[in-house]
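Just one chain follows, in the form predicted on its own, and it is written as structure tokens.
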């Protein structure tokens, strides 16, 4: 093999430039809409930020999982996963509007405890050791330091493996992945509590972090499958990606779909059985009005339909059908993130409510366009396939 013969397709430049233009335009629209929907724009931005950060985190987790488990399923997507993990420095910058919502908006009510009265004020007083602005920002900095450090070491040794073929580097990647998975679990748990669960500082769930891990893995895998199928129309992937690879990836996506459903049902069942007044309001907000139809939509199109479609062996081996299911899952993952975040902002004006939902999608496109531009730029830096992966011979057969 050579780096030249396995260079990323030239078409990536076209996708990259288009993603940047779309992302910039969408973010400008978000900024312009702030004058109309005010603090609601911070919730919309948080939706987009949480979704794309989840894609990067899910990619990191799957990359480490592949190093620990081996198998040829990860060889054809390894470079895509690694490039996705390189976006954490960008995501750290994109976190700044969330900080603005914390400091200058009403994104997190616990940050402005002086405006809260009654029982809520008493609850926040008890939690102010953890829920305070300085500690929140310190934890966020720690999360990004951990993620960027793991990514740096992972990609550094992967690059050296490409250049030298030294098999000892594979052992280094495996040793890193063990504690890396543990750090991933801890940081995702606390970041999901900080960035999403604390939107309602009175509510708590012991399974919330695990729920986010399952969702991030599914988001990352579905998007990576869609990108793999798209790029496999061009060389060098066109002659390397085989139906067996798609079949394995489709089975893994089916497993993640079931995990997501299991975690969500477990949380619902625990809270329903407990029937505690401090827990049930979170679900009441999401099972009343128009939000109940979004919940039903998640049950049908996020779980039931992908589950039954992915049971088909023929579908998993067909690139066109598999990418359709993968894109459906990506879309429903975003709807799930909206369902988790948006109901916390109670718009009293119907026009503002409609515009807020529209801006959720615009923010997704804005953050996603910038993220995709950065991701594709990193993808072009190295061969699209790992040159000395020990699983490569099996992957080619």
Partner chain sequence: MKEEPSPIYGLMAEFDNPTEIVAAAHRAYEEGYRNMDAFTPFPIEELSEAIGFHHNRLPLIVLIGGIVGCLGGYLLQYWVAVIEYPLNIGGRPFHSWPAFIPITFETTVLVAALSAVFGMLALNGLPRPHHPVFNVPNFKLASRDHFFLCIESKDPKFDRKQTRQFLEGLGGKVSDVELS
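Model, not experiment: these values are computed from the prediction. Numbering follows the first chain given and starts at 1.
This next part talks about the form predicted in complex with its partner chain, which is not shown.
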Look at the stretches 103 to 111, 271 to 279, 164 to 172, 210 to 218 and give the one with heavy atoms within 4.5 Å of its partner chain in the model of the complex.
-> 271 to 279
Examine residue 317 and determine whether its closest non-hydrogen atom to its partner chain in the model of the complex is within 4.5 angstroms.
-> yes
In the model of the complex, residue 244 touching its partner chain (heavy atom, 4.5 Å) = yes
Quick one: is residue 128 in contact with its partner chain in the model of the complex, heavy atoms, 4.5 Å cut-off?
-> no
Might residue 139 be said to contact its partner chain in the model of the complex, defining contact as any heavy atom within 4.5 Å?
-> no
Given that its partner chain is left out here, which of 233, 285, 313, 156 has a heavy atom within 4.5 Å of it in the model of the complex?
-> 313
Checking 301, 135, 265, 152 against its partner chain in the model of the complex, the residue with a non-hydrogen atom inside 4.5 angstroms turns out to be 265
